[in-house]
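Take a look at this one chain, the form predicted alone, written out in structure tokens.
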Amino acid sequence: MKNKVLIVGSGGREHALGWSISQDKDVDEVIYAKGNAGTSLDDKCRNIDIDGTKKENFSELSDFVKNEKIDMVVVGPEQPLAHGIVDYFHNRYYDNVFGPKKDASIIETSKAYSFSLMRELEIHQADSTVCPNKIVAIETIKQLNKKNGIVIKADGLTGGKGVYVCDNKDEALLRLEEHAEKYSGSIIIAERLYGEEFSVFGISDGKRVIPLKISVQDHKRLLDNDKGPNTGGMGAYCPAPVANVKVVNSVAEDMMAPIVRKMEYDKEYRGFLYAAVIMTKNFWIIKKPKILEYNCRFGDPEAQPVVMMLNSIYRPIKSALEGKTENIKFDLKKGAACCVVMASNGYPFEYEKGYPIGGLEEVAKMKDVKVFHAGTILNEKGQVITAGGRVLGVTSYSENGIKDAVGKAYDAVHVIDNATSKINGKKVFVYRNDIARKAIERLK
């Protein structure tokens, strides 16, 4: 029997999830609400003109799902989950929507909640204080005796940008003023942790977590060598050597599953669960990594290399929706995958857009390379043009390992960059040149 799947969202993560699902022979069509230029060009895929991430469109989206006889809905971004899209569909007697309900999404929508839950469960995290307002935050910073720096975090959703990593108290006090102008609500003041970060992903059925047995490493800073401002992510790769399968299983069993079990009775958690983890420099003393945060969805751009390592993510999601978590199996390939994000000039601040993108047809012919679109649209001439901060996630896979995967990704990046610059008579993209460098250095 053939199936129709609806993807809610328009970013690189949603393109990656939909593309992976479309690879399954039992899937007849993947529909995006509302997708981007790249999602509309893939085989078996189409876009609809409904922005499913907006709460005011839930009714129209629900009608579409009913009329089109959609078999499965997969929610990509955190915003619609926080707005209760899963609850809305359940209230209209449609259960095949994948993601946590609004109350369970609090694991990401409130860092204060997740901090308190981790402290109660004695899960290793940074020493932190939840401050109700700026005045208390100022006093907390002044009283801290942290020589290694201070981290300021917004309590709610910030699109991956509500974190300030400060070297000292003076910088923290300065950044706090900037933070208070942008974000409201509680403020988390935390110690700065040093080490290597990685991510662990899994599917939860409300009682346990079935992990993807591979770690992923994101690159949050805009510039090479982890310099510049924080972004939504400038690239990712997997597997990350810093965390092998044993470590991944430990994180899932000791740091993710207890959270799910604790939430089971009042905020049952079902859907993707994502743990951002740091392997601190004193790891061999405490024998445990530390949690930085939990997210209620798949990562972006982590999803891009992950789907290149999978034959399809459709069946794990289908098993979870059917309540057959014992059947969940992530069919991983050997080798490695790498994603390089090409962003618009000016990102993550005010950026340029509206430029035609070149080189996409040439890159489409490259073996084991897939360009996942994020900030793109089609103009009236049918050209793919830039329309966002993060524009493309150029992603590659190699059975020969990370060095070869990185080489393929950057070969494709250079084709797109050069062709786009030629068309527009200027540099359009900014991107990092050191994605997965830590992994490659470990091979030397």
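In this text, residue numbers run from 1 along the sequence as written. Bear in mind that the values here come from a model prediction, so they are computed numbers and not experimental data.
Below, we refer to the form predicted in complex with a small molecule, which is not included among the displayed structures.
In the predicted bound form, Glu196 stays away from the small molecule, with no heavy atom inside 4.5 Å. In the predicted bound form, the small molecule lies within 4.5 Å of some heavy atom of Lys220. Taking the partner from the other structure, the small molecule in the predicted bound form has no heavy atom within 4.5 Å of any heavy atom of His373. Of the heavy atoms in Arg192, some are within 4.5 Å of the small molecule in the predicted bound form. None of Ile123, Val163, Leu144, Val130 but one reaches within 4.5 angstroms of the small molecule in the predicted bound form through a heavy atom, and that residue is Val163. Between the small molecule and the residues Glu293, Asp368, Asp205, Asp87, the one pair within 4.5 Å by heavy atoms in the predicted bound form involves Glu293. Picking from 328-336, 147-155, 67-75, 353-361 the stretch near the small molecule in the predicted bound form, with a 4.5 Å limit on heavy atoms, gives 147-155.
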